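The chain that follows stands alone, in the form predicted on its own, written as structure tokens.
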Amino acid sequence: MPNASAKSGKSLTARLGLRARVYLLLGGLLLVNMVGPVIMILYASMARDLYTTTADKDLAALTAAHELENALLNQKGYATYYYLSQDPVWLAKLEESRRAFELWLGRIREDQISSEADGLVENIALAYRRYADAKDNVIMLYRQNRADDAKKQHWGLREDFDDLRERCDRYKAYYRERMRHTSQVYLERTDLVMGVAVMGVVLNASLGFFLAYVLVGQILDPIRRLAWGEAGKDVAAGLSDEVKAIGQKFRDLEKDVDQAHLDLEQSRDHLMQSEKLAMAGKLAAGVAHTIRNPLTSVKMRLFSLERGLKLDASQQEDFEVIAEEIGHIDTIVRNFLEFARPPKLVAQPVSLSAVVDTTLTLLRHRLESYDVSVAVERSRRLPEISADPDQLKEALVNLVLNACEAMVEGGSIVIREETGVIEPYGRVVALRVSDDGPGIPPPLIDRVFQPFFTTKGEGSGLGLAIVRRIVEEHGGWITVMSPETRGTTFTMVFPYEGERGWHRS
């Protein structure tokens, strides 16, 4: 069940957007800060009214009750003094005390707040009237010199006096109880105000904590990561203000978007150009195939004519030039067809050392005609790889002949056979073909593998493109290094058998 409740809470939080959560927390804080003070003001006002109305009236009534008792005691004392001295001065003071009693009794009647209090006051008034009438009767007997009768009635007044004081005490007890009740109500309301204040503090702290969590965890931290990156460093490093860093970030982003649009437009243009070239290549391949058939017939007819005709020296020279140019056209057409329609690889275990030996044997006479010497650096025969030996031989022939044509006045070629490990690709075998020719100018070195790119007047521009295609079809790659005026080195790298799954990125 706790897991279900937690999932339900997370689902509710997920449904609430960031803006809704922030608004909800701010609204909660505003509500608590508004409602809490209103409740406290309300209860403070109620407590003030309690003291300014009820407590003040109760205190006034209690004070009046004390004054009634004082006046009553004075009356008793003045009457006693008169009985003892027969001096009329005490009767005057007795009358003054009676007026004071009547005055306080009238004030009590005006300020009564309940029927019970009214009943107590009326009981006091009734008992006082009876007590005052009896006392007047005693005074009259003293004036008539009937001392014995006066003393008898005077003793009887003690019970009326005690009854009157008891009524006054009940009246005071009534208001003391009311004051205790008022004090209790005041304490309860004070406790309630304190409870509301404590709840307000707790709610404020809780909402403030969650608001801080949302602001820091879901707003400020993402802004900081956006500004400084996950590792705390970014291109905006050096700016101490996240806002400035984000501004820089957005400006960089706008530049990246513009560059991406530009690259996309260029890629689209390249794609369209590639599609056009592919279509042109298909048409050219069809044309080349169509040309090659009559070209073969022309070569055969020239061969027959060469054997049947008796030509003078000049005619023989023209004939050889025609035959040579036709052979050149045939080579171009054959290379083009091979590049456009590459043959399917026939892989078998073969050592690149065997390919090197076969190729050099095949090219021995042509190397002599170019006045080029070839040296093979081999510590041991290279291990076998799964490859098409004919395709590899064609690639090596193209590299060697390309080097021979680059060295116009002859030179030397070095073929190095190597093995090694290249991480993360694993074990590899490599052939390096180096010549001591003039090298490739730096502006052209990135274009040497492009189809139809050539610096030779009679070249087709497909030799190195075919070499790269063959190497890549075997899962390898080819690189070229040509220090200025210090020759050129082509390196073909192939994986061992069993490690063909990788490709050089």
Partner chain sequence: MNRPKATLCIAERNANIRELLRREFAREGYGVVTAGSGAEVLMRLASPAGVDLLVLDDEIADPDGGSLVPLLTRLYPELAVVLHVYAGADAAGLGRRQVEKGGDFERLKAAVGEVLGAKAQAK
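Residue numbers count along the first chain shown, from 1. A quick note: this is a predicted structure, and the numbers were derived from the prediction, not measured.
Quick note: we don't show the form predicted in complex with the partner chain, though the next part is all about it.
Chemist: Of these, S274, Q259, S304, S267, which has a heavy atom no more than 4.5 Å from the partner chain in the predicted complex?
Modeler: None of the other options qualify; the answer is S304.
Chemist: Using a 4.5 Å cut on heavy atoms, which of K344, H365, R380, K310 is close to the partner chain in the predicted complex?
Modeler: Here the answer is residue option K344.
Chemist: Are any of the heavy atoms in H289 no more than 4.5 Å from a heavy atom of the partner chain in the predicted complex?
Modeler: Output for H289 is yes: heavy atoms within 4.5 Å of the partner chain.
Chemist: For H154, is any heavy atom within 4.5 Å of the partner chain in the predicted complex, or not?
Modeler: Judged by the heavy-atom cut-off of 4.5 Å, H154 is well away from the partner chain in the predicted complex.
Chemist: Consider S314 of the chain shown here, and say whether it contacts the partner chain in the predicted complex, taking contact as heavy atoms within 4.5 Å.
Modeler: No - in the predicted complex, heavy atoms of S314 and the partner chain never come within 4.5 Å of each other.
Chemist: Test of understanding: in the predicted complex, would M300 fall inside 4.5 Å of the partner chain by heavy atoms?
Modeler: Output for M300 is yes: heavy atoms within 4.5 Å of the partner chain.
Chemist: Can you tell me which of 407-415, 381-389, 122-130, 289-297 lies within 4.5 Å of the partner chain in the predicted complex, counting heavy atoms only?
Modeler: Among the candidates, contact is made by 289-297.
Chemist: For 42-77: residues with a non-hydrogen atom within 4.5 angstroms of the partner chain in the predicted complex?
Modeler: The stretch does not touch the partner at all.
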